[in-house]
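As structure tokens, one chain now follows by itself in the form predicted on its own.
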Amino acid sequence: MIRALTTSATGLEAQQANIERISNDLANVNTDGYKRSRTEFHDLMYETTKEPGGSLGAGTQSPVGIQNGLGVKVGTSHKIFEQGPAKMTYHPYDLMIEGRGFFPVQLPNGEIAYTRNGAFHIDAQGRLQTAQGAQLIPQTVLPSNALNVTVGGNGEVKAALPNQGEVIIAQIQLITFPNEQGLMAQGDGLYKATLASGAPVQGIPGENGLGSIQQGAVEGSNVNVANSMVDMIATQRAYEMGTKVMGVADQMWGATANIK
């Protein structure tokens, strides 16, 4: 009975972690560039009473064994980097990546991070940056007298300048990683490279498998509300079943303790 209590307790902890992941996804259903998470579970170690293939005597072997599982644990929780829906804003500094890639930005503390949220703004010097002050790199500076700023699918930033006509003033570049799921989320829609993600690979939008740039739009959250609600119901039922197992185990233990 004690083992049933501890085993079901591991199930409750795992389902609690799952419901916390779902709640975070649903809380960010309207967060631009947000990527939903996935939780994977692994079974814990087993107590082996009899090994499969063990000797039964007289030169015979057991075709099966006896193993008792000790519960479950959260194996991993990682981001799913599938494309989110396009949200048209028609703002000239809103940029969406259609396909693979991240915008590289430099944080105010000098560190480099990566984001899918292309809702950019300009500061007093005309530099493109996020709402948190992270500057797009390579640094993109728009002249104060620039008119009709356009960003092409290949990342070329063009603007009309007085007495010069339309000129190319910057080239936006994107970053990919060998293993996107190895990135570490930092909040504010930012990710940092890790040993698991591999080294960042820089390239021109639209080339070598990189996505293209869509001006006047941002990428919405890729959270599917209907799927998340179904997951939440299934997780709730799994949690309830775990509590029932604990209740039954407690009753059996109580009945045993009350034997006279």
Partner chain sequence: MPIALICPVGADYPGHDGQDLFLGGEYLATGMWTSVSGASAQMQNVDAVANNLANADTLGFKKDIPTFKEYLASVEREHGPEDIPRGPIKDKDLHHIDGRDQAFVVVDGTYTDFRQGTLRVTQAPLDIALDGPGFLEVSTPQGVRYTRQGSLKMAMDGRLVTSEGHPVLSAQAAGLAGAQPVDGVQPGQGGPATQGGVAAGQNSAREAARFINLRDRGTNISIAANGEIYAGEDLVAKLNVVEFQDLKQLRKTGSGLFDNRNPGNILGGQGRTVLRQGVLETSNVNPIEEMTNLIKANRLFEHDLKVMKTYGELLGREANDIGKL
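Keep in mind that what you see is a predicted model, and the values were worked out from it rather than measured. Numbering follows the first chain given and starts at 1.
This next part talks about the form predicted in complex with the partner chain, which is not shown.
Novice: Within a 4.5 Å heavy atom cut-off, is Leu44 in contact with the partner chain in the model of the complex?
Specialist: Result yes; Leu44 sits at the interface with the partner chain in the model of the complex.
Novice: Is Arg38 close enough to the partner chain in the model of the complex to count, meaning some heavy atom within 4.5 Å?
Specialist: The answer is yes: Arg38 has a heavy atom within 4.5 Å of the partner chain.
Novice: With a 4.5 Å heavy atom cut-off, would you call Leu70 a contact of the partner chain in the model of the complex?
Specialist: Contact check for Leu70: yes, within 4.5 Å of the partner chain in the model of the complex.
Novice: Examine Asn154 and determine whether its closest non-hydrogen atom to the partner chain in the model of the complex is within 4.5 angstroms.
Specialist: Because no heavy atom of Asn154 falls inside 4.5 Å of the partner chain in the model of the complex, the answer is no.
Novice: Within 174-205, which residues come within 4.5 Å of the partner chain in the model of the complex, counting heavy atoms only?
Specialist: Heavy-atom contacts to the partner chain in the model of the complex: Pro178, Asn179, Gln181, Leu195, Ala196, Ser197, Gly198.
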